[in-house]
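Structure 1 and structure 2, given next as structure tokens, are two forms of the same protein chain, each shown alone.
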Structure 1
């Protein structure tokens, strides 16, 4: 794209400020900026112009879960089936590690966070340790695909190398980089993060499969014979990965996907609830539910919308391939966005100052014909580190590690 074309595209959208520093740039920087402007989606700022509104929900209905009691009864048969699938290399794992951990205020990859007290223990190390338990039990390596972003890929890859993959076999570890999306101010103006660069941030965890495909890794998935992918978050220190019981349950129930869920701590807990929307599985946020729905109970008094997701899903690869071209809803998320101000100075805001655009893995569930809701014990499997203090913090995660006899 030429300078004139870029100027025309921007002025039509009221975004000419992106060329403010153009004259100060060297040739390479000019080219980079023009290339980025060419790819900019000018529809995005429009999404925030009239306030941020999420799409309307369809008709909701409850979706039960395979409960802890039922799982206890069928544990052996589920586990046997799961172990067989793992031993036949049908199960792969996908670590979502492209996020920025802005709530924690981290600079580098979240997985490099040292969660230890008496010894060094990194989040990545804990996750690999958890996966190794399954490798030891089954005698089979589980292919691990790690999604990073442009912002943290180099640090993540070097860290794994430096730490010898925490004992994992590097032949079964595959990195891929997710896509980015531009960020805008509250007024819908694109931010710049350098004089030659529009500010971008990872475009949410919903793009994990398309990014894996674009990275050419679907060929690897096929070559290895992987038929199912277990997708999980980087920040849950109790995360069970490629859990044979979960895998076996999804297979036995003949579902195309499964989601680990926990019973809500109270009706108003701020979690996404797995239920049915217009007859298909769907994850609905607490703020999208009416009070009536939140409090509705069955004859025994149990909440009908009781199961919250913990970002641990099992997807059938063939089904993912079928939906890969479908668009996921775009969410507008308020964030702290570092930027270059009018005087050309770099500003790192203390408070949110605009929006970024994300698609979410949880929205993929609504594209599935069915989903096994699989209950797990919260205190045994869910200890995410999201916030600096309080709920879902390093402190709460350490308390739960202690409760589970994990030394740190």
Structure 2
């Protein structure tokens, strides 16, 4: 894109300020800025022009789960089927590791957080250890795709190399960078984070597959023979990855995707609940549920909307390829966005000052024809580290690690 083309594009959208410092830039910086402007979606600011409102939900209905009792009865057959799929290299794993550890007092990738007390053990290390249990059980390496962000990619890759991939075979580890989305002010103006760079942030966990495709890794998936991808979050220390029982259950039930869920601790627990929306699988957030839905129960007194997701999904690759060109809904999130002001000064706001745009993996579920809801034991598979203290903190995760006999 030339300077004149960029100016014309921005002028039409009322975003000419992005070229304010153009004459101060060197040739490399000018090229980077013009490239960014070429890729900008000028329709994004229109989403906040008249305020922000989430789309209305369709008709919701309960979706049951394969319960712990049912899984116990069929565990052997599920596991056998899952192990066969893993040994045939049909199962890959995708670690969503684009986040920073800022909220936990860590300057760097969240996965580099030291969760140990008596010894040094990192979040990445714990997750690789969980995956290694399956490798040892099946005798097969599971291709691991790690999604980073522009801000933490170099640190993440260097950390894995420095730690010798925590014992994992590097031939089966593939890094890719998450796509980014621009940030805007309350007035819908694109922010700049440097004189030659539009302010951007990762486009949400729903962007994982399109980011993998654009990184050229779908060819690697095909080359390896991978037919299913198990997507999981970086912050759950008890996360079971490529779990043969889970894999086998999804395969045996003939579903195109599966979701690990836990029974809600109480009706008002702040978790997304797997249900049906207009007849298709969907996840409804706790703040979208009415009191009637929250408290509705079946004849035995069990909550109808009872199963919360823990961000551990199994997707069929062929189905993902079919939907990859369909646009996921964009969620507008109010945030504190550092920016360059009119005087070229870097400003780090103390209060929210604009919006970021995110896609969410939960919206991918609604694009599936079906989804197996697979119940797991909360205390054995769900110990997220999101907060510095209190609920879902390092302290609570350590307590659950201790309960599960994990030394740290």
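The model shown is predicted, which means the values in this text are computed figures rather than measured ones. Each form is matched to the other, and the largest set of C-alpha atoms that superpose within 1.5 Å is called the rigid core. Positions refer to the first chain, counted from 1.
Pair member which, unlike the other, is the form predicted alone: It is structure 2; that copy is the form predicted alone.
Large Cα shift (2 Å or above) at residue 100 between structure 1 and structure 2, core-fitted: Yes, the C-alpha position differs by at least 2 Å between structure 1 and structure 2.
Exceeds or equals 2 Å, Cα of residue 43 between structure 1 and structure 2, core fit: Shift at residue 43: 2 Å or more after core fit.
Residue 386: Cα shift of 2 Å or greater between structure 1 and structure 2 (core-aligned): No, residue 386 moves less than 2 Å.
Angstrom shift of the Cα atom of residue 337 between structure 1 and structure 2 (superposition on rigid core): With the cores aligned, its C-alpha sits 2.7 Å away.
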